[in-house]
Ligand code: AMP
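Presented below, as structure tokens, is a lone chain in the form predicted alone.
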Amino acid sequence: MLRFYNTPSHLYEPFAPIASGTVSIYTCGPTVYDYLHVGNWSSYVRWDILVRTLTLSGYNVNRVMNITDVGHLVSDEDEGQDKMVKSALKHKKTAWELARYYSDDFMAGMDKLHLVQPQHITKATDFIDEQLTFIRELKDKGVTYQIDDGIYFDTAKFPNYASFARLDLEHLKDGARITPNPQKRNPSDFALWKFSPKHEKRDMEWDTPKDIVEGTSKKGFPGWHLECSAMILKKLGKTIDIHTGGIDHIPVHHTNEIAQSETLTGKPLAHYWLHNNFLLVNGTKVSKSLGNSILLSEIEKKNIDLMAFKLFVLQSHYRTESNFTWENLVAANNRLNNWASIIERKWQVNTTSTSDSKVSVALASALDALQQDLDTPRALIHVEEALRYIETRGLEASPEDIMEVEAFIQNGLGLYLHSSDITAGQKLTIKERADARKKSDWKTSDHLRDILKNQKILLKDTDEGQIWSRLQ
């Protein structure tokens, strides 16, 4: 039975979807102003496992993931530049050019990591009309107000605003004197629509409809939180099954999503909220100023398989803080190579060998671990149990068992092992070495072994015969 730790209740809850057999999911996607670092990518690896677990559990998944290409300001207080604008100025590109470039890079990274593609990848700039309609309907409900720099949501009009993140609003009020925008009615109020600064022509700005703005017409752009609510309503409906994101989204972004969506629809925005914890780098929060924003390209330059990074992420639970070091990544790469060497036995074992029920039992336990709040560390332990059973059987292991484990590693964990059969010539060399050993011709045997070793093929002599693996 599927269970998830639900953020608002702080409890493990059995999973029951709204519609039988189908699960609707919204995943907070990237703001495409720069390359994603390993901390960003770890989140998408986590939610990839969620999708795979639901699929293996018999559900059809309908998932939306946004791409924020406008409206994400550098401050949670709705202050400062749009991140896209700031980066565009730095790189001397238009915001549109920047968004296209980093969106393409993100999609390429998804492919490299073999992450399951969401059914809908939606850009904020493609949903401007929907966001304006959202504001219009909120205004009709009397929960918005306009100040000099934009249109805001009045959080005092949503009585449960503090509930989701268990916020101390009184503390926020005490600190109101230092709130960047003194025109806000409440420190927690947030921008639905920001007006373009005077005397500044933005790459991304739109006319503010006359029935929304008070006074003269203004150019503007949406606030960061609005896009998610508008996309969910348009693509998935008033209430979804699962909403995912990082723990840093809880106190502001997701709290604001809930306030505006539930005010508009009168329905719960999501039944289950799943949040992943941070990935540190060398024990420190990822920060460009510290120079620890490690990119996927840097891993590739060190000739480390990106699947090793994915395995490294899965070695910790999504709700726990984890720590990236190059040493940890190399260890994960070695673990991955060991798995691949065992899977490569599918080309060597006796094709008439019978299956070992222990393999199926171990894999069933691995799936159960994933179904219990995506417990990937425990799932990996059970996968390695299955691999050990195969390894101990040597050349008498069942090819069906090996392929069953490989399928689970690929479909359940999203890890694609780079394994392949050796050449016909290398197989002939192994046969010749076996013949030499039967004749006790150890000189020839050692020579043939060294030839294979130079070709990065390592041989292990067992009672059943020679077992080859690739030398890493």
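The first residue of the sequence shown is number 1, and the count goes up from there. Note that the coordinates shown come from a computational prediction; the quantities given were computed from them, not determined experimentally.
We do not show the form predicted in complex with the ligand, though everything after this point is about it.
Among heavy atoms of A191, none comes within 4.5 Å of the ligand in the predicted bound form. Put simply, S229 is far from the ligand in the predicted bound form: not one heavy atom of it is within 4.5 Å. The shortest heavy atom separation between N276 and the ligand in the predicted bound form is within 4.5 Å. In the predicted bound form, the ligand sits within 4.5 Å of a heavy atom belonging to G246. Note on contacts: among A340, L236, I304, V286, the single residue with a heavy atom within 4.5 Å of the ligand in the predicted bound form is V286. For the candidate set L54, L415, C28, I422, a heavy atom within 4.5 Å of the ligand in the predicted bound form is found for exactly one residue, namely C28. Segments offered: 57-65, 437-445, 422-430, 42-50. Contacting the ligand in the predicted bound form at heavy atom distances within 4.5 Å is 42-50.
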